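Presented below, as structure tokens, is a lone chain in the form predicted alone.
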Amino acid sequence: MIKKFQSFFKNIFSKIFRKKKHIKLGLYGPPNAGKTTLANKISQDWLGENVGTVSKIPHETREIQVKEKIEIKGKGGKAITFNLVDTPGIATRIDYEDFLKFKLTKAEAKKRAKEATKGVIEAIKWLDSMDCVVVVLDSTLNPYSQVNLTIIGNLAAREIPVIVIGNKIDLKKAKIKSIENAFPQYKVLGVSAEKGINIEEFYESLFEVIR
């Protein structure tokens, strides 16, 4: 009788703690770091379609964008399937006047600022459901910004597995070493999402953090 109960509870717990079927991989970072460009690259490589629109105007992505069931295959027959979550750029300050320099009308700028603010709030809320986060940073900029420290601080508090991507390494001003020095507790990988540089290495790194 005891053995039957032990077997029963073993089956129950194995079902509860079995590996998640729907892993959420979130792309986080400041505006214009290249999150959607990376999301599009991943989705194009494995699904043949884009996730979202890219532009030079900050906060082009103002809503959560999800691509489901992306399967990445690696060396030795490895494979992982996840839902890719592209999030709005995190910012500590959003002023509609910043959009006027991009020739948006005052009404368009105010609308964009309002939507961007809402998007930041949603992105932070979604952190609680993430199984792994890729922090995308612009490798040509100083990594010690308030925004970057806020993002990393939120992730550290939640103990979420993290990969830090230094994007835009195809540009002359790129400094991956600065990002490595800023966040030594995480794996840092330099890529160019636009040019596809080191993307294969990025895919392999996902197998290290997604369980």
Partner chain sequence: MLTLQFVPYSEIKKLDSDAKVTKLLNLVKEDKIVLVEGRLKATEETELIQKTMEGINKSFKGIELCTIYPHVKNEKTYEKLTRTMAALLTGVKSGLTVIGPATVIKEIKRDPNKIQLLTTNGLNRRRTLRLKGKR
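Numbering follows the first chain given and starts at 1. Note that the coordinates shown come from a computational prediction; the quantities given were computed from them, not determined experimentally.
Heads up, the form predicted together with the partner chain isn't pictured, but that's what we're talking about next.
Exactly one listed residue, out of L141, L104, A91, I72, brings a non-hydrogen atom to within 4.5 Å of the partner chain in the predicted complex: A91. Out of the listed residues I124, C132, A109, I80, I124 is the one that sits within 4.5 Å of the partner chain in the predicted complex by at least one heavy atom. Within 4.5 Å of the partner chain in the predicted complex, a heavy atom is found for every one of T150, R158 and F183.
The closest heavy atom approach of S145 to the partner chain in the predicted complex falls within 4.5 Å. By the criterion of a heavy atom within 4.5 Å, Q65 is excluded from the residues contacting the partner chain in the predicted complex. With a 4.5 Å cutoff on heavy atoms, N154 counts as touching the partner chain in the predicted complex. Residues of 94-115 lying near the partner chain in the predicted complex, listed in sequence order, are I94, D95, Y96, the criterion being any heavy atom within 4.5 Å.
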